[in-house]
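In structure tokens, one chain follows: the form predicted alone.
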């Protein structure tokens, strides 16, 4: 297989400027990650420790196999909202007793682990990752239930919030049981309270581990029972670990403390007799010839400045080896074969806007990957499909549709890294989140929008100008300039990678230097399930 030759000039002014800008963005992201790790703050942490309890990340660290990585997903959920950064819940993929698992747990320092909007979104995503990739599911439960403290400005908004809550919480009960039906084990380790709807988390799990004197599981707590029936009770008598281990049968294992609960979980997972259905690595996992550190300066924060996506590929694939497919055709799209940490992959990366020829090239390549059961890595830096009369005559709609058809019907795992722009239908054609992509990560400079901020403001201005002409009234240029500036500003803010990741629209923002590692971890995870391509597609307009 051919080896890519880098043409990146790391001494150039442009490279150095890009590197500085990327490091500044990474420094800010680190401050936000520190907020997520801080949970509910020092007082809440001190209160938790005074009760002899560990922090959620400490629990996860003790659960994982020694010196193995934890790929945290959506760590900045809730960024830019009224909620704590992180959403009060931690989740990710890690290895327990040699088994890759999807792990999620409430952060009891944030509102007692209450289920916020973003915690619910993260749980739904955790369950989706477990289902798609056939990952055993472990939930570390300590929650005060649904977060009922939030108020909204109108009765309609409050009703919408409550409706969404029921849809999300009800769905994750369904998804837990569906995992079990798919022969993917589920486990609850109950570290504290699990009340009301939260009681169904252990109620619907295959295995439950309770802690004596700590675990509390009931549909209605003592105050609610008092109001509903007049019965006097306390937490322990109503739903403590002893009761559920000896009388209700909800607890499968009863242990004395948190460390014992974690040891028991590791023992139980060890007897899963778990086997991956996908093949293991088959290629030499040689490191790339070029330093990952150089990825910091490859891309400009000004996404209008082009760069060669091969420079990224050369720094993430094994030995920088890349067999490029159709290199002379559809040159705004790079396609080819490589391996990452020994896993064979197909790679599709943008080198410009998508034309008809690049769309057809992608369509053929996706079909070939499906024929040989190879996952596809999408490297997005796309402003969309080409527009204009000559391109419409040339069939850009039908040819772009072929590419989207191929992406939609492809069965092999897709993993997408947004390294730059992700605009319009280009997001769809390059396997955006809506296309059952297994994992989606962003570089800090990434932007995701229907179209670029300037283009959006310009289109709206043209529409207003046409409306004024149609009505026969003068066009207010000064007012239009104000509106354009406001639209550009808002669109710019809402297209930022931080805005998207804060709303759980992707799986997280990653340091470009970690791209190869993240891809290796996700490729390992997707191979828990079968990696088998589709045998048929929908109708292509020829």
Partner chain sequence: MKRISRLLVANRGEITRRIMRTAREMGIETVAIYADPDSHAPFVHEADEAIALGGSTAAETYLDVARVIDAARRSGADAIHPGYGFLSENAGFARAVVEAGLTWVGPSPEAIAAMGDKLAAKRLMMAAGVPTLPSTEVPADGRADLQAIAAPIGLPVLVKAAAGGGGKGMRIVRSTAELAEAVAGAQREALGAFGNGTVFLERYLEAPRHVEIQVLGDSHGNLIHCFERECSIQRRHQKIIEEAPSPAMTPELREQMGLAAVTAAQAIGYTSAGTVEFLLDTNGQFYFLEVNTRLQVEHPVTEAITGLDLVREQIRIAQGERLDVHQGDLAIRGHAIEARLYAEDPANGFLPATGTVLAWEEPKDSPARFDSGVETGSDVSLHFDPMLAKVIVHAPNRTEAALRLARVLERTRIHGVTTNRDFLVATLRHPAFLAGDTTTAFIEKHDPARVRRPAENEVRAAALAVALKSQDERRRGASLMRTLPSGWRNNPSQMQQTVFTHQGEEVKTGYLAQRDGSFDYEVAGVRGSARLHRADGDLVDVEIDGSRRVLAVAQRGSQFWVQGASGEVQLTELPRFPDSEQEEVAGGYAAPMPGKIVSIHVEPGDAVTRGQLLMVMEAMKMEHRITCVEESAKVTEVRVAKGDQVEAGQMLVVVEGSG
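Note that the coordinates shown come from a computational prediction; the quantities given were computed from them, not determined experimentally. Numbering follows the first chain given and starts at 1.
Not on display, but discussed next: the form predicted in complex with the partner chain.
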property: Distance check, residue 262 to the partner chain in the predicted complex, heavy atom within 4.5 Å; result: yes
property: Interface membership of residue 524, the partner chain in the predicted complex, 4.5 Å heavy atom rule; result: yes
property: Interface membership of residue 513, the partner chain in the predicted complex, 4.5 Å heavy atom rule; result: yes
property: is_contact(residue 62, the partner chain) in the predicted complex, heavy atom dist at most 4.5 Å; result: yes
property: Residue (of 276, 244, 121, 447) lying close to the partner chain in the predicted complex, criterion heavy atoms within 4.5 Å; result: 276
property: Contact assignment for the partner chain in the predicted complex, among 404, 71, 196, 396, heavy atom within 4.5 Å; result: 71
property: Region of this chain that lies against the partner chain in the predicted complex, out of 95 to 103, 131 to 139, 234 to 242, 328 to 336 [heavy atom, 4.5 Å]; result: 95 to 103
property: 4.5 Å heavy atom contact with the partner chain in the predicted complex for all of 66, 266 and 341; result: yes
property: Contacts with the partner chain in the predicted complex, stretch 517 to 539 (heavy atom within 4.5 Å); result: 517, 518, 520, 521, 524
